[in-house]
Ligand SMILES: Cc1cc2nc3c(=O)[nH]c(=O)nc-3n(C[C@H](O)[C@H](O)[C@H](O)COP(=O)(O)OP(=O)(O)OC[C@H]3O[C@@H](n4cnc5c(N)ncnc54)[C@H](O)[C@@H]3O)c2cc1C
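To begin, one chain is listed below as structure tokens, in the form predicted on its own.
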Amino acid sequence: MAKSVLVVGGGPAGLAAARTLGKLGIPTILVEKEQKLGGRPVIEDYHTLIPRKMTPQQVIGPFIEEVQNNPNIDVKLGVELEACEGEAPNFKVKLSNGEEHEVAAIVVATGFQHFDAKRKGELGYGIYPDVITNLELEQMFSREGKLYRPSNGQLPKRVAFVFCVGSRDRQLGVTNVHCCRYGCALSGLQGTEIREHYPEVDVFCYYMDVRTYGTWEYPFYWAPQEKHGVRYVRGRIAEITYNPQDGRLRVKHEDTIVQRPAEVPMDLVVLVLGMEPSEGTKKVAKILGLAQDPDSQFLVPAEDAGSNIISNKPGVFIAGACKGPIDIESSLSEGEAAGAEAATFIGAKVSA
């Protein structure tokens, strides 16, 4: 009987890995600590995914369906990896539901978590209701289908996006100096969506510099400005305050192009959050003895592997946002690659 593979994490990378293994006929155990599959895009109700501007259900839904319907895959929801003994191809793993299994390989796809905006108190999140996160804006679109100020339910006249909240920030220490990779593009998309549906609303993007990688440059940077009138301001935000006289927020910043301070009234401020390793990633790294980046604490591949999905521990493969910020499509591709590597690893051991 073929040995099993354990996949830890039921987000995009974990789903893609499990689907690949299942299609190859390999018994696969997929554990997900939440009560549903799909990772943050599904669990947290993202509205639209970059770069293809499709919904989470359109992109991830087919993977969920295939995984749930494949008899080779045993999906365990609300379950976490608690312990692991032995070496590949004879890992003995213990799960949080008390089950114990022997598996030949493990794929880790434990994802990320959003930066806690309350750690940047000067930006007013948790103090002023009209300061929200880009995740909450996504949920506003997907759950309620409209844009509004949480303080009064009215349509804002001005919306500001503040880039790099919790990323590229040396004030937070070396753990948050990395680029989140998605924030500039997603803000361009969200700003465009606001202007398309509410052309009377002015949208401002406050940035240090704009990093829209590769083919994302036109649709998520130039088009928002040239086709939809989104205004980009290069500036460092010093503070966001509230003026009770007019009930509006004040964005205090230094415009680094004209080199002077400015204070602009806004009705809604959207903080674009950085990405950090999830608690699950930190926990699994400790259980399995996986190498982590000394600064960001994301997982890192083995130095001599020649591949970014092979970990420092033989028989353990790593994929997706547990290794750092990554877009959905790349996460799916890495998951498929990790599944294939795990299958190859098992085949080599079985035939030896």
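Residue numbers here begin at 1 and follow the sequence given. Everything numeric in this text was worked out from a predicted model, so none of it was measured.
Another form exists, predicted together with this ligand; not displayed. Remarks below refer to it.
Chemist: Of 84, 88, 233, 135, which one comes within 4.5 Å of this ligand in the predicted complex, counting heavy atoms only?
Modeler: Residue within 4.5 Å of the partner: 135.
Chemist: Quick check on this chain: which one of 114, 253, 120, 195 has a heavy atom within 4.5 Å of this ligand in the predicted complex?
Modeler: Filtering the options by heavy-atom distance leaves 114.
Chemist: Determine which one of 245-253, 73-81, 223-231, 259-267 lies within 4.5 Å of this ligand in the predicted complex, judging by heavy atom distances; exactly one does.
Modeler: Residues of 73-81 come within 4.5 Å of the partner.
Chemist: Although this ligand is absent from this view, report whether residue 124 comes within 4.5 Å of it in the predicted complex, heavy atoms only.
Modeler: Output for residue 124 is no: heavy atoms all beyond 4.5 Å of this ligand.
Chemist: With the partner left out of view, is residue 5 within 4.5 angstroms of this ligand in the predicted complex by any non-hydrogen atom?
Modeler: No - in the predicted complex, heavy atoms of residue 5 and this ligand never come within 4.5 Å of each other.
Chemist: Taking any heavy atom pair closer than or equal to 4.5 Å as contact, tell me whether residue 284 reaches this ligand in the predicted complex.
Modeler: Contact with this ligand, yes.
Chemist: So, residue 191 and this ligand: in the predicted complex, are they within 4.5 Å at any heavy atom pair?
Modeler: Close contact is absent here: in the predicted complex, residue 191 is far from this ligand, nothing within 4.5 Å, heavy atoms only.
Chemist: Hey, with this ligand in the predicted complex, do 41, 49 and 321 all fall inside the 4.5 Å heavy atom range?
Modeler: Answer is yes for this spot.
Chemist: Residue by residue through 7-43, tell me which have a non-hydrogen atom within 4.5 angstroms of this ligand in the predicted complex.
Modeler: The stretch 7-43, when checked against this ligand in the predicted complex, contributes 8, 9, 10, 11, 12, 13, 14, 31, 32, 33, 34, 39, 40, 41, 43 at the 4.5 Å heavy-atom cut-off.
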